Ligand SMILES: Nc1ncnc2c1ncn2[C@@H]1O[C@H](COP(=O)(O)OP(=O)(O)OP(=O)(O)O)[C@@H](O)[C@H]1O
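Just the one chain here, laid out as structure tokens, in the form predicted alone.
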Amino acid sequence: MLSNVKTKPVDVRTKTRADRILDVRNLRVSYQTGGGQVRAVNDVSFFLRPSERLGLVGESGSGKTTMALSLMRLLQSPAVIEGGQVLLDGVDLLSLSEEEMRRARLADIALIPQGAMNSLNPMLKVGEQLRDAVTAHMDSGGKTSREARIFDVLESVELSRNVVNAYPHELSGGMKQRVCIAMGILLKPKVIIADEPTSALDVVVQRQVMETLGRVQSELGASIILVGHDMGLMAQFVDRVGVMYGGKLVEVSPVREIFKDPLHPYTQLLIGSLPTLESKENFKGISGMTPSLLTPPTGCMFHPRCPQVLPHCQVEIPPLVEIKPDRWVACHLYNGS
């Protein structure tokens, strides 16, 4: 758990728009390494609407998982949250004490982690792990209501009640992932962060897990942030997509619009690299390498690989601006520079 969050005594209740359940403002996260500072999340701002599904996509090292763990305040040293706000229903999570944040996890904001086998304690039965989560947050209600909630949540993810008596190694990959979903929705949070919840699962089980996640989200009325790199999965599941590159958001758009008319050159190349039934050509990758966050390029992070680079792209960092209703892009091609 991150103990060195830079905070000051403030009123954690902050004014935010009623149409935003989560409002992330200018979040900055770095890793302090022997070679210097690595800015993994670089001044990122975005919002999440009630009951909305938002996808965060990008290549490995773009900052997606660091972003997810930052929102939960689960980063480990040498990571440091340097600044910004994470407003959940008006409450700044970065200004909460460790105890207040502990109680907010699962109850208000929950994480479905990547890799269910590594997330569940192999020494404890599933029921014990679910009971620990409930007991840590329920002030009253007793054993009966606790057990009833556990059985309800297992049935909601299509698992038998008998799963409470099983160890994680006795379950299939899909069942373990459903247990993680059950743990995430146990206390009916307002926001669920799913970090690549279908990694290492075959395509049939992937679909079943995502259908389960979508159904329980609708039943709760919660909002979801789906973190991943599978654009096909995003196209089927989310309402909006945020594209990350080099620790920054470069585009945020409704999912249909981003596939129909991608704006940022990086997004265009991502979409263009996807295979289609009509195309029999060789796969097209993106030339060049992802930038080093230890020694990042000046100006726009993408300019060394961009086929539409302009002279000032090498000098000026483009801001993320709304150029059309609900379409945001950080690119000098659109900001009039």
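Position 1 is the first residue in the sequence shown; the rest follow in order. What you see is a predicted model; the values in this text were computed from it and never measured.
One more form of this protein exists, namely the form predicted in complex with the named molecule; it is left out here, but the text below deals with it.
Within 4.5 Å of the named molecule in the predicted complex, a heavy atom is found for none of 47, 92 and 95. In the predicted complex, the named molecule sits within 4.5 Å of a heavy atom belonging to residue 196.
Residue 295 falls outside the set of residues with a heavy atom inside 4.5 Å of the named molecule in the predicted complex. Remark: residue 119 does not count among the residues lining the named molecule in the predicted complex, judged by a heavy atom distance of 4.5 Å or less. For the chain shown alone, residue 63 is a contact residue for the named molecule in the predicted complex, at least one non-hydrogen atom being within 4.5 angstroms. Here is the short version: of 214, 221, 78, 83, the single residue with a heavy atom within 4.5 Å of the named molecule in the predicted complex is 78. Checked against the named molecule in the predicted complex, the residues 149, 73, 105, 229 give one hit for a heavy atom within 4.5 Å, which is 229. Using a 4.5 Å cut-off on any heavy atom, the residues of 39 to 59 that reach the named molecule in the predicted complex are, in sequence order, 40, 59.
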